[in-house]
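Next up: a single chain in structure tokens, the form predicted on its own.
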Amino acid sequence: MGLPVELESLVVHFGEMGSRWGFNRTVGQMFAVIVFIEEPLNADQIANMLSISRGNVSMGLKELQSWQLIRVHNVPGDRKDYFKPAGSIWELALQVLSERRKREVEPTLTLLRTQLMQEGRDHKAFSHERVTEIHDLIELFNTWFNDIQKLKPDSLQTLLKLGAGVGKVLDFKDKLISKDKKVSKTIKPED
């Protein structure tokens, strides 16, 4: 069973994107094959489709399992392990973001927290202010991401579709508050 022709460009692209997501090209291609082929696949099928060694597939499958992007699927009467995606496309996307946060954002936050907690620092120094700003921004994103992860895929999709509409609502709110402040300044309390 070779790789279907209609999937070749997708698989190549996922391989290129894999390195940007935090794993190598081959693992990205394996992930694409598992996502885009409907039936669960075993390691031999994946190796055949991608023309890579069985050992390379085995290491790649372990990597994808460590990212919690695939799961083992047992086929009755077959002793081989078969693999399929570990959820919907939305769940997989959130899982990639979650893993990237663990691998990239958390170490940065740890470093920033350590820097902020050092004693004897001049708390008015420009660099300390910048460290504080970066820390607070990343913490805000982290809190937002925690909230996003709790949403059901339908709610998340609705939120994302709101897009710029949320900005318009916030602009409108700011205008209302601004007008309210102007009105309250012009109304003087009775003596």
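Just so we're clear, the structure is a prediction, and the values are computed from it rather than from any experiment. A residue's number is simply how far along the shown sequence it sits, counting from 1.
Unshown form predicted in complex with the DNA; subsequent notes refer to it.
Three-residue candidate spot Glu99, Ser127 and Thr143; no residue lies within 4.5 angstroms of the DNA in the predicted bound form by any non-hydrogen atom.
With the DNA omitted here, the record of contacts in the predicted bound form names 54-62 of 31-39, 54-62, 132-140, 147-155, defined by a heavy atom within 4.5 Å. The DNA in the predicted bound form is approached by Arg79, whose closest heavy atom lies within 4.5 angstroms of it. Of the heavy atoms in His13, none are within 4.5 Å of the DNA in the predicted bound form.
For Asn48, no non-hydrogen atom is located within 4.5 Å of the DNA in the predicted bound form, even though that partner is not displayed. Taking the partner from elsewhere, Gln68 is found to have every heavy atom lying beyond 4.5 Å of the DNA in the predicted bound form. Taking a 4.5 Å heavy atom cutoff to the DNA in the predicted bound form, none of the residues in 84-104 make contact.
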